[in-house]
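Listed next as structure tokens is one chain, alone, in the form predicted alone.
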């Protein structure tokens, strides 16, 4: 049986715009944005209207294409696009896919001789990158199935790692979808505070696909591991160091520690594009710090005293020693990692 190919393209190009699903509106409303200005793409990225490392890579390429579309023959196009790329490079410091794509866009722009060629090349790059991510997700699902095995599985996951975070079937959720096509799967999704990507996005995707699932709060993870017979944990990655240390959504490290305590395999699922080959260990990973208001409340409702001190790191780093395997589009790797 083949893996399920059910997925929603969260971002795609039209003739002169970028169409993307506004993930801040889910699950209550399905709102598609038509973006023609590169500055609106920055807003969409910073405010998490699009998020997830692979999808952010595609968004960065689309952003560069939009920036090139607005240039005139009088503009120094190489300088203008380079300045625009500087802005997007600073928008999300942890997700390495975005930075890989920014570097790729710079190479493309420096290799062409006109605005018209830059526009065409950046559009082609965006489409090729999107197709790569779709195929990479499919292959991660296949490698995950081969490594984990078909059958009945009770899975715990965090954040959103599906179509909304990629442009394919997903990374960790791509493995879930593939396992679900070959056996009985029950997924327990951590809500993923403070922005509830697990509750709002992962549950929306799983229920849309008819996959058996249940939502839990982040604080329930230990109890659920013990009481619900969890037999594996699947998480994604925003950046992976060469030694296997992995940055992912805040809370992932806690799940890895709990999984080790209960003897549950803990898997990272990510494309090779999420591996930072210039980074030896996770010590060098820059952790994005987000606005404290994300923690003080949600949806316009206060959940804490106004102005209280907050820590809001968007990611944490899980040491390679806690990771049972890293499943990529090129296969499953086990310790000692040398990626």
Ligand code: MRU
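Quick caveat, the model's predicted, so the values are computed rather than measured. Positions refer to the first chain, counted from 1.
One more form of this protein should be noted, the form predicted in complex with this ligand, which is absent from this view; the next part is about it.
If you check this ligand in the predicted bound form, you find no heavy atom from any of 143, 246 and 333 within 4.5 Å. Taking the partner from elsewhere, residue 57 is found to have every heavy atom lying beyond 4.5 Å of this ligand in the predicted bound form. Contact check for residue 179: no non-hydrogen atom falls within 4.5 Å of this ligand in the predicted bound form. This ligand in the predicted bound form comes within 4.5 Å of a heavy atom belonging to residue 197.
This ligand is not drawn, but in the predicted bound form it has no heavy atom within 4.5 Å of residue 153. Checked against this ligand in the predicted bound form, the residues 61, 41, 67, 53 give one hit for a heavy atom within 4.5 Å, which is 53. Shown without its partner, this chain lists 100, 92, 138, 123 as candidates; in the predicted bound form, only 92 has a non-hydrogen atom within 4.5 angstroms of this ligand. Across the options 220-228, 256-264, 237-245, 72-80, residues that bring heavy atoms within 4.5 Å of this ligand in the predicted bound form belong to 237-245. Annotation for 66-90: no interface residues with this ligand in the predicted bound form [heavy atom within 4.5 Å].
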